[in-house]
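Encoded as structure tokens, the following chain is the form predicted alone, with no partner shown.
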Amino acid sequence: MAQVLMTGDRPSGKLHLGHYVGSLQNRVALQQQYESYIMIADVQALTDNFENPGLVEKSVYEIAAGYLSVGIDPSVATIYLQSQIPETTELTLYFMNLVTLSRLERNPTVKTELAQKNMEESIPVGFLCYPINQAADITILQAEVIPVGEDQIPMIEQTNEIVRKFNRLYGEGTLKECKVHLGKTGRLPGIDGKGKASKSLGNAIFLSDAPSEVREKVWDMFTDPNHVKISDPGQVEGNVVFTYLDAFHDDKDELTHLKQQYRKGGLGDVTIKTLLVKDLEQLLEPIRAKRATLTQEILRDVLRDGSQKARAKAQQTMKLVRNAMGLNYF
């Protein structure tokens, strides 16, 4: 029997090339290997968008369209909505008794996100507790494989701490621990060279961008400010165009040659940006074509069917949890 894989995204905007490199292409590759569940975390998105629920609702369909357009197959992988699995809320409540406030505050992922969102002085309880909710999301499906980036490893470690404590108190083997599955490709930087590509920073190329938008963004990409003339030696390290070429250009021998030429001088930014535009269009054109076939009705059916399947699995887990805790009275 295949192991259960679980992953997902917060619906707070459009998917971009950073998502594709960091997670989406990996999910497509793994969907046949595991029993895959991909969650659209609409409840979690409300922890920092509680004043703008319309954005979350709109983004749910945006995310679903992105999943299908890159090749995630809903007949193989289960795409579902977090809000449609109310059993997760019950499990979260039980897990809250197993975690201290100080442990939540020490979580490196939480600390980083609090700083990024300027919440240090006024932390919503829902945001601080989302590692507990995430642990419930994972364990309620008895997921064993979690594809994440390195920055999310502390979240998985905390999930396993909770599982071990629960099993020790209520019955060994009730819930399963999970392991991290790291992708081979790291995060993409933003086109401005400042940090990672991000919806909120507006420095990303979106999967839904038109060809003209892609070209404009590539032309705005950070390269080497000291590479003024074609004959000038150029810096490859930290050059965003070459970072993207590393991720998307298939001919690695050609890319090695281009880097050598750029370093010694004689290769202009226009040439490498033109090559990158070509590579990105080769990737994005079929994604756009698939997206054009997706109606609201198709997306709604995929989300409904996936949520029903995920909830059935969650209900099975909660029977085990309630039995272990002595909460099945009738």
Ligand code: TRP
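Note that residue numbering begins at 1 and tracks the sequence as displayed. Please read these numbers as outputs of a predicted model, since none were measured by experiment.
Just so you know, the form predicted in complex with ligand TRP exists too; it's not on screen, but the next bit is about it.
In the model of the complex, ligand TRP lies farther than 4.5 Å from every heavy atom of Leu81. The closest non-hydrogen atom of Val148 lies within 4.5 Å of ligand TRP in the model of the complex. Contact annotation for Asn167: none of its heavy atoms lies within 4.5 Å of ligand TRP in the model of the complex.
Using a 4.5 angstroms threshold between heavy atoms, Arg10 counts as touching ligand TRP in the model of the complex. Contact annotation: ligand TRP lies within 4.5 Å of heavy atoms from the stretch 33-41 in the model of the complex, the single such stretch among 267-275, 287-295, 58-66, 33-41. Annotated contacts: Gln134, Ile138 and Gln152 all touch ligand TRP in the model of the complex [non-hydrogen atom within 4.5 angstroms].
Of all the residues from 216-238, none has a non-hydrogen atom no more than 4.5 Å from ligand TRP in the model of the complex.
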